[in-house]
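One chain comes next, on its own, written out as structure tokens in the form predicted alone.
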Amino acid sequence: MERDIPTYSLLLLIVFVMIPFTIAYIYQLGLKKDIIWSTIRGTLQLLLIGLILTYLFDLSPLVGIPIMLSVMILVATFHARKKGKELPYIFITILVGLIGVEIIVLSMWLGFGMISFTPEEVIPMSGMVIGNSMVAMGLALERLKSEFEQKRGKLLAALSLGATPKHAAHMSIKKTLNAALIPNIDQLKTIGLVQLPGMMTGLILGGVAPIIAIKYQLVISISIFSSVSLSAIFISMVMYRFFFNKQMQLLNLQDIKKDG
């Protein structure tokens, strides 16, 4: 039996919003407008996606699933590209990476019989994979730019000693991947101990037996870990090359932007 939350109870969530708003006001963080806007925007987005999913769930899986996955991947690409807008071909690189990761993960889910090809299962689970892959790519891009900026001296020294761009950038790429993967590693270490993950909580609230909910949570948690790893290494290994020109000289972000 489905349990619903009364509408008036949702309206009372404004009390929770007032906590960060009050903190931002007292300490003059300059975030008051962002807090209000993000709350309103997030609420409207969820209501809209609820209506869209209701419609898509009634369509044939071969129609509804591709439509929703395409929208999610495009939105994720537009968002992640902001982290590396100075780099050439960043949009198409992220787009190809997200599509590739989704194809790999979805193929494994279906091939191993973990889920069925229905909008109710594919869309929510794919959304979590795409979202986390987007975040991983964004983190990797930010860290990669920071590494090449802060370690410029060491990179130049390595190149002057005869190192190839690949060898010179090895340590920076290594640190970039560490930064992108550590949050997920830490989350896996404490999963089920510090907090009950979102998917598992939702299934239990929906009346699913805890053991079944745990199985689904394991599938999505390990899948996210894998997709984050693939996303981070893909974007790092493609984008680091643009920090060097054909003469194997190190470029800064301004030079890369001009060349692009």
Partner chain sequence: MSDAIFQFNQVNRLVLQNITFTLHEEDRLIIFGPSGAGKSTLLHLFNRMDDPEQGEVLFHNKRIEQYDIPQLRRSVGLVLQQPHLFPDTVLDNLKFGPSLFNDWEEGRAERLMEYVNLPIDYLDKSVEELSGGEKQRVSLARTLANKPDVLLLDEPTSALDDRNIEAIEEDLIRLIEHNHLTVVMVTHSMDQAKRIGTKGLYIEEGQVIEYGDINQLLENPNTDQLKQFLHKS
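Numbering follows the first chain given and starts at 1. As the structure is a computational prediction, the values presented were derived from the model and not from experiment.
The same protein also exists as the form predicted in complex with its partner chain; that form is not shown, yet it is the one meant from here on.
The partner is absent here; in the model of the complex, the one residue of 75, 103, 157, 110 having a heavy atom within 4.5 Å of its partner chain is 157. The partner is absent here; in the model of the complex, the one residue of 252, 249, 9, 22 having a heavy atom within 4.5 Å of its partner chain is 249. The closest non-hydrogen atom of residue 171 lies within 4.5 Å of its partner chain in the model of the complex.
Contact between residue 162 and its partner chain in the model of the complex is found at the 4.5 Å heavy atom cutoff. Interface residue remark: residue 82 is not counted as part of the site for its partner chain in the model of the complex, having no heavy atom within 4.5 Å. Contact check for residue 189: every heavy atom lies farther than 4.5 Å from its partner chain in the model of the complex. Only one segment in the set 176-184, 146-154, 133-141, 119-127 has residues whose heavy atoms sit within 4.5 Å of its partner chain in the model of the complex; it is 146-154.
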